[in-house]
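This document starts with two versions of one protein chain, written out as structure tokens and named structure 1 and structure 2.
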Structure 1
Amino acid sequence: MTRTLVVVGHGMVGHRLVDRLRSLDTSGDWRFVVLAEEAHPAYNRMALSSYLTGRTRNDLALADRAFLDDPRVDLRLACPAVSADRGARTVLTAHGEHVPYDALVLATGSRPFVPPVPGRDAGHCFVYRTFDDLDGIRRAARRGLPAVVVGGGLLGLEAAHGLSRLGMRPHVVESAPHPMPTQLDAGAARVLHRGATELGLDLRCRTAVASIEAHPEGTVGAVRLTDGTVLDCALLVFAAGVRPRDELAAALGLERGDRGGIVVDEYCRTTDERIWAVGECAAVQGRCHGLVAPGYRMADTVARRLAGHPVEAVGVPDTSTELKLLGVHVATFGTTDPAAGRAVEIVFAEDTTRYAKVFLQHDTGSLLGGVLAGDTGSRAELGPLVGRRPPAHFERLLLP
């Protein structure tokens, strides 16, 4: 007897899960109903910026023909789930259908956080997460005009770079003392700041957007910052972080994490043994992860479990990241926030052109992780050294 897996969300992680289980499920036990809010099948969201500069939807598609033509897969585009009933084991779609499930996976991702500033509903104010968002940005962009990106994190810098490649003159507003505050310390951020400036981005830290002022026709015209500055602005992008999309938790009576997210155990299972959550919407032991690598690990774990294979706990995910700005290399690898006082911290730096910080286990001297900025060794070269004592030519690897 076949069982039905309903997956809510056809994003990067939801797609990975279905694709995995399809290949693991050699005896054809499962059929899949995938409810997708977006009108497009899953695509590589990480490469979204390249869509601004000429790559097509097809280039970024994750679902191949074999997937789309698979009779076991019922992919319903532009058909979001709006509610669910645990007792009846059904999911209600926006079209009013009740879709029954044997197992339910929530893979709803995150939504961009839009800070509650006055005027944020003005025209030409965008978020930066989907093809649709980028279509809007591309239509509104005007060469030579100033734009504002709210948020100087990985995403904000990437968005600003995208805007500058569309010919706009982006300002980036970050409330922390330096860009990418989650990943970088002040030293690495100085290198980034300089590189970003050379790319034509105007970084403004330690200040925030106080209000957005619109032209009479309704589109954004200026942005007022808390430090009093007024920036002319023809297009605005919010990149001020994301919040897990955990709305369905309420209908399902599932617990939500302190900072949002659907609470799951280290195998991504909720307290209901038929319901799972993976990707950015999952709070694994209370913590959400905004990167694709941990999401893929979750997808693999759940796929193996549903296929009846032995599984390992998701564990502590690799949170290494790399900023994708042309000409500015900034990356982290391994652990970059070891428990206070338990690690030896070593910084190799040269002016504001390069900076490498590494952490070593204080007793064994083995490498825990690090931060790289500028003309340093790459994440690919250094990542594999994690867990070992660094070699004698370590400094050469870090600052080649």
Structure 2
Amino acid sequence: MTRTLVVVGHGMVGHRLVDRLRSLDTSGDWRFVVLAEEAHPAYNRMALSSYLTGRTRNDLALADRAFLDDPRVDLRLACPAVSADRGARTVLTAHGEHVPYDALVLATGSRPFVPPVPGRDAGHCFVYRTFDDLDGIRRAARRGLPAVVVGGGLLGLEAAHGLSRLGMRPHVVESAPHPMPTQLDAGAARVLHRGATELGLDLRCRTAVASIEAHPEGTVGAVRLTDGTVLDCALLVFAAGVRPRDELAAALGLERGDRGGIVVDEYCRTTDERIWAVGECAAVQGRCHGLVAPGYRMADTVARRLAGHPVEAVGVPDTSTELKLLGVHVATFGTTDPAAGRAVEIVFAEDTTRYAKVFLQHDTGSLLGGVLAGDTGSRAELGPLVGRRPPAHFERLLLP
């Protein structure tokens, strides 16, 4: 007998789950109803900045023709879920339809956080999340005019770089002491800051937006910072983090984490054995993860469980990163928390062009992890050394 899996959300993780279960379900036990909030099938949100500067929606699409034409897949675009009933095992859509399920996966992702500052509703103020957001930014961008990006994390720096390539003059406002405070320490951030400056970005750290001032016609005209600075601004982008989309938890009577997110166990299942949550909306043992790699691991775990395959617990997610940002190579690998395992820190640095810091177990000398920026070694070379004593040529791996 065919069972129905309803997936709420068709982002990267929701798509991964359905695609994975399609391949595992060789006997055709499952049919899939995917309720997508956006009017487009899943796309690579990690590469969204490239859409701002020339790539097309098709270039970023994740759903291929085999997926879209699969008779088992009922993909409903621009059809978000607004409520659900555990007793009846149905999901209510914005169009008023009750969709029955045998299993339900919540893959609703997250929403951009907009700080509650006066003037935030002015025209030409955007978030940086979807194709539609970037279409609005591209229409509003004007060469030579100043722009402000609120948030100096990865997304904020990408947004600023994109605005720069559109010909605008971006300021980046970050309340932390340095950019990318979640991933990088001060030494690595100095290398990144140098790259930003060379690209014409103005990074303003240790301050925040106090208010937004609009022109008489209603569009943003200036931004006042908490340090008293006033920045002219023709376009503003909020990239100050995200919050999990966990609204359906209330309708389903499911527990939410202390910091938001739908609470699930180490296998991504809620307290209802028919309901799972994956991706940014899922609080795995109380904690949400805003990276795609842990989301994919969650999706694979649930797909295997639904297909009747053996599964392993999601476990501690791999939060290692490696990317080229503002022309600067940055990477983290292994454990980068200096408190973990009573680590010993060793820093290798050469002015602001490259930086490497590693953490070693204090008693065994084994490698715990590290932070890299600039012309350094790669995570691919260094990651496999975690848990072992570094080799004699370790410094050459760090600083080729």
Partner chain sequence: MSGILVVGDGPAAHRLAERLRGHGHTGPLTVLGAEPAHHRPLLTDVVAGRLPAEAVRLPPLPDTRVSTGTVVTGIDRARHEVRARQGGTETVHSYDTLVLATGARPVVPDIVGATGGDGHLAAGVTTLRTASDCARITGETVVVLGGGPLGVETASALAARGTDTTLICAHPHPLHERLGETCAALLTETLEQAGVTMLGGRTVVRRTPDRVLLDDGTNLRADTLVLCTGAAPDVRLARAAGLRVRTGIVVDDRLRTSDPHIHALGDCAELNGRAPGGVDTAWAQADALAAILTGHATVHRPTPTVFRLRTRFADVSCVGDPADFDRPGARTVTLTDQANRRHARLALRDEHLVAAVLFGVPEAIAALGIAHRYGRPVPSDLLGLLLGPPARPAPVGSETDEDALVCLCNNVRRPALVKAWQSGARTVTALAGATRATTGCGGCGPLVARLCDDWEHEARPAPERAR
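Numbering for residues begins at 1 and runs along the sequence of structure 1. Only the largest set of C-alpha atoms that superpose within 1.5 Å between the two forms is called the rigid core. Computed from a prediction, not measured in an experiment: that's the story for all the values here.
Form selected (criterion: the form predicted on its own): Pick structure 2; the other is not the form predicted on its own.
Yes/no, Asp59 Cα shift of 2 Å or more between the two structures with rigid core fixed: Shift of 2 Å or more: no.
Threshold 2 Å Cα movement between the two structures at Asp69, rigid core reference: The answer is no; the displacement is under 2 Å.
Threshold 2 Å Cα movement between the two structures for Asp363, core superposed: Yes, the C-alpha position differs by at least 2 Å between the two structures.
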